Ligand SMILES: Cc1ncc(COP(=O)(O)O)c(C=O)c1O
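Here you get one chain, nothing else, as structure tokens; it is the form predicted on its own.
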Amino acid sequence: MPIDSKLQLSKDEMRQLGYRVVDQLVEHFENLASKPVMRVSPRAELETKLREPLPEQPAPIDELLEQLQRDVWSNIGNVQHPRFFAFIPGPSNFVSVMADALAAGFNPFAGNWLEGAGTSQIELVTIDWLREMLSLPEMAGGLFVSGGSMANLTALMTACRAKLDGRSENAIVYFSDQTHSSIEKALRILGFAREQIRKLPSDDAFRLQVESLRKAVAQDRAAGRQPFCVIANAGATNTGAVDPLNELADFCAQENLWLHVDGAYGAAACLTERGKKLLAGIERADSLSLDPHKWLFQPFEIGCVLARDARLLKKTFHTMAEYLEDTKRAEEEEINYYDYGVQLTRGFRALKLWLSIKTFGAAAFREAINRGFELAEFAEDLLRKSDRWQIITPATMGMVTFRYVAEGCSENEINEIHRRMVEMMAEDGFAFANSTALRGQIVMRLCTINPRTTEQEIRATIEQIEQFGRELQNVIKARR
């Protein structure tokens, strides 16, 4: 290919490249179940394959696509694979993939109405769908961000502005020991010291205990500190646990505390009847996070932050700049999203969720979420039928945790078995689940939200993990 300083392809070249890319994607989606779930190559191997000086001359695009296929796409965890059960899977869908391609191609600036009226309106509509799904009041609103980490940071910045007017030196935040690490990271960014954070022990079901919270708040008030925010889980990452949202909302109302609900994983379950029952009280949150790239089946990155009073977002993030004066037009009618969050430059994240919901319909998403509940319950039933497994937490919000029963092995040895199980799964590539720690024990964990997963794939995955457990137990016995 000759050098083109305008960075352009001809019409035919663009079509040819587009067809090649779509062909790769279709092949990937169609053959995903027969591919390894993941491959983890050593850094030295990938350095050899991919390290090179800044290239001065053009290379044939076909060769570059082949290199990606050979060296990059073969070295990832396929989070949309039907046998990927680790962390939180990202099932994705092809319509949203194409929406991302459209958004990248048209490249709209989604930070203000002047440059992105159409994109802003789509975001307003799609955010409102989520507001309705969560039964939040009409005054609620928000915006799309990169993921749960940024959603939680945005919400906590808004809480600080609303409750503390930005002065947080004496403020105290409360949450359980099952809360996502992004919360502590956000508080660190906001300048909170360790002594301002109360990480309270969860109960037997891994939920925040209201009575413990009540005592901690009373102690801090008596000591002259300023309790200001409680963070509740709506589907904790470890177990799927849901904190007692209604009780926490009652307490926060009594104590004049901000209630933030981290629903990055679980809030989308409100689209279903069983999800609404499990998450009763979520509609009373002052703010909440939700990740459509989890249980709404979108490609990365799309998170969402919602505030009960959307005006508080603008009070928190609005700034004045001379070069933005032309964008400040009919502010009662138009919306400039740069005034509602951290980013000025924003991509068109809303398009993929809007297009996929319009294409498939909300009923299809509802059934897909219900499928996640059912698959976890199916996995729990299989595990209970085996004498090799102990259920640690029953199927909750599409998750189940369990521990290998290894008679004659110490606690440390059983923990070692679980860690090695994960390594063996990663090396084998057939399926992948991860471990976590609960009450000092290492346990296995399945998250079953991929609607393309079959019962047979659940069965085969559990059989493989069990076989690995037997092999590792025999190794431990042999070395004694």
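Everything numeric here is computed off the predicted structure, so don't read it as measured data. Quick note: we count residues from 1 along the sequence shown, nothing fancier.
One more form of this protein, predicted in complex with this ligand, exists but is not displayed; see below.
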For this session: Sort through Arg346, Lys352, His81, His293 and report the residue having a heavy atom within 4.5 Å of this ligand in the predicted complex.
Result: His293
Exercise. Pick from Gly372, Gly148, Gly341, Gly275: which residue has any heavy atom within 4.5 angstroms of this ligand in the predicted complex?
Worked result: Gly148
Exercise. Thinking of this ligand in the predicted complex, which stretch from 197-205, 261-269, 214-222, 113-121 has heavy atoms inside 4.5 Å of it?
Worked result: 261-269
For this session: Using the partner position in the predicted complex, report whether Thr126 sits within 4.5 Å of this ligand, counting heavy atoms only.
Result: no
Exercise. Quick one: is Thr393 in contact with this ligand in the predicted complex, heavy atoms, 4.5 Å cut-off?
Worked result: no
Exercise. Closest heavy atom of Gly141 to this ligand in the predicted complex, within 4.5 Å or not?
Worked result: no
Problem set entry | Partner proximity in the predicted complex: His180 to this ligand, non-hydrogen atom cutoff 4.5 Å | yes
Exercise. Would you say all of Ile88, Asn152 and Gly235 touch this ligand in the predicted complex, counting a heavy atom within 4.5 Å as a touch?
Worked result: yes
